[in-house]
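The chain below stands alone and is given in structure tokens; this is the form predicted on its own.
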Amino acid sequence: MNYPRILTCIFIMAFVTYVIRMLPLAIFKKKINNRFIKSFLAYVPYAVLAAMTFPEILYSTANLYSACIGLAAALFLAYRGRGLLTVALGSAGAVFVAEQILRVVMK
């Protein structure tokens, strides 16, 4: 194994990650007062999380139909104000039941 190269890659990745997180703190020292920017920054974490998880939701099951059923169950439970654990377990249960039904129907 090429340990110097592996360690160099790890240090470079750590440096880049640190710089990306440190630059906004160093550049923006004043409090942000603009309502539009504050509103935009408030929604960025949710948008990034949705962009990262949505494709995986559709392709993480054996069938696209069961994935859509699980997504619909999660959206319904979240809309009804249920907690994260309830939404996760409810959507996983919906996917499980859909997979069982689809397995019987597809035979």
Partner chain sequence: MQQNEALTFQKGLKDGLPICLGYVSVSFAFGMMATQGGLPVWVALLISMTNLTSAGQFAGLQLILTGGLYIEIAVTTFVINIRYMLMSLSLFQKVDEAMSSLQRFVLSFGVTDEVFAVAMQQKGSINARYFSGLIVTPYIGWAVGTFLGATATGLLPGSVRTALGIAIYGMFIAIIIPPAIKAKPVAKVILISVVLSCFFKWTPYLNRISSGWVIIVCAVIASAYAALRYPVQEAEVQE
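Positions refer to the first chain, counted from 1. By rigid core we mean the largest C-alpha set that fits within 1.5 Å across both forms. Owing to the predicted nature of the structure, the values given are computational and were not obtained by experimental measurement.
The discussion below concerns the form predicted in complex with the partner chain, not included here.
- The partner chain in the predicted bound form is not approached by K107, whose heavy atoms all lie more than 4.5 angstroms from it.
- Contact annotation: I101 falls outside 4.5 Å of the partner chain in the predicted bound form, judged by heavy atom distances.
- Contacts to the partner chain in the predicted bound form (heavy atom within 4.5 Å) from stretch 39 to 71: S39, F40, L41, A42, Y43, V44, P45, Y46, A47, V48, L49, A50, A51, M52, T53, F54, P55, E56, I57, L58, Y59, S60, T61, A62, A67, G70, L71.
- Superposition of the core reveals a Cα shift of 2 Å or more for I20 between the shown form and the other one.
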